[in-house]
Structures are given as C-alpha cells and as structure tokens.
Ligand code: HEC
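Consider the single chain below, provided in structure tokens and representing the form predicted on its own.
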C-alpha cells in the first residue's frame, strides 16, 4: 500500500468482541478501541450488506477454533498514523434502519448486483473511485482501483461492464467466476468464489449482462 505494509488480522480470536463491535469493524472499519482499521478492507461495500448476511458472517467467525498466531503490526511510512490514513464515521450519525438486502421476489439482476457490490465485492478490483480515492459503491465497473501486492502495483484489472462482456454467455461467466472449468486467473479469488452456488453465480452473470451494468 502507498502508506506502508498492512497485515490481515487473526479472525479466530474475536470471542471477546461483541456482535456490534464485529459488525462495526466489517461495515465501517472501526476497531473496538475506536481506532480506524486500514485498507484494503472494502468497508464501503460491506456497509450495504444485508443484516441477515452480516449475522451469518458473525456467527461463522464465532464458530472458529481460536488459533494463536502473532500478526505483525502495520508498518506505516513517514510517521503516519491510522487517523492520517482514514477517518471513521460517527456511529451516532449512521442510519439505524434495518438493511434488508434484495427482496424475496428480487430479480436475478437485482440479486446479482447486490452480490457484486456488497458481498463478493467485485467492485473492489473492477469498480470505480470517488474523487477522494474511496470506493464508489454505486459506480460503473470500469476498474479504476490500483491493487497493491507483494510483487508490485496492479492496475490492469479488466472492465466488467455490460459492453465489455457482450461476447460472454451466462455459462461462460459462471464457469469463469466460479472456477467451474479451466485454470486459475491472476489475482481472481477463485479459491473463494468456487464455493458459491450456481444460482448466485447465475445471478451475478445476469446483472453483469444487464442494462443496469451499462456504462
């Protein structure tokens, strides 16, 4: 990352965190101490995750057997602090209405858009950015983000708008995203997506090929 090195935390040792603290960490990037958690976590996207999905994630995290694993502290450059890198929202000013996600009678396109933007977070690599460099959760999927890896910066992620995928069939997209056929693709998290149901993958494909995903 341009501000230093950040290491993913150990998620098996959250037993002392409350459900609300875990949710605030996922949705808003806030540590129970009030300190900001650092990118590359896509907090902006997870802020729109349905309450039911958030509850399921918290239940899963609580089911994990604790594993002792010392994670290195973040190494920030130029004497930066966490507060210099990002600020956290005032929880008292956040909406309190339930986040329901797609309705039971949602179309495949509507479900697919929710999965792309708020669950599978395809927008983290393939989405667009606001003027301040933050993730534009509702923006077009034109791959403006720069991905930072151990082997350098990657800014060549493909655009995945309707126009860019016009030659792809639903079957092509399901097989590609869900790792149903073929080999691995550079930086694509197929190790995770391969466990998605065909129905969810088909919904994602439906959204990607729909007018709602046009530039």
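Since this is a predicted model, take the numbers as computed values, not measurements. Residue numbers count along the first chain shown, from 1.
Same protein, other form: the form predicted in complex with ligand HEC, not shown, and the subject of what follows.
Looking at 160 to 168, 43 to 51, 57 to 65, 24 to 32, which stretch has residues with any non-hydrogen atom within 4.5 Å of ligand HEC in the predicted complex?
Of the options, only 160 to 168 has residues within 4.5 Å of the partner.
Indicate whether residue 193 is a 4.5 Å heavy atom neighbour of ligand HEC in the predicted complex.
Flag for residue 193 set to yes.
Within a 4.5 Å heavy atom cut-off, is residue 173 in contact with ligand HEC in the predicted complex?
Output for residue 173 is yes: heavy atoms within 4.5 Å of ligand HEC.
Using heavy atoms and a 4.5 Å limit, would one call residue 189 a contact residue for ligand HEC in the predicted complex?
Yes, residue 189 sits close enough to ligand HEC in the predicted complex that at least one of its heavy atoms falls within 4.5 Å.
At the 4.5 Å heavy atom threshold, is residue 121 in contact with ligand HEC in the predicted complex?
Result yes; residue 121 sits at the interface with ligand HEC in the predicted complex.
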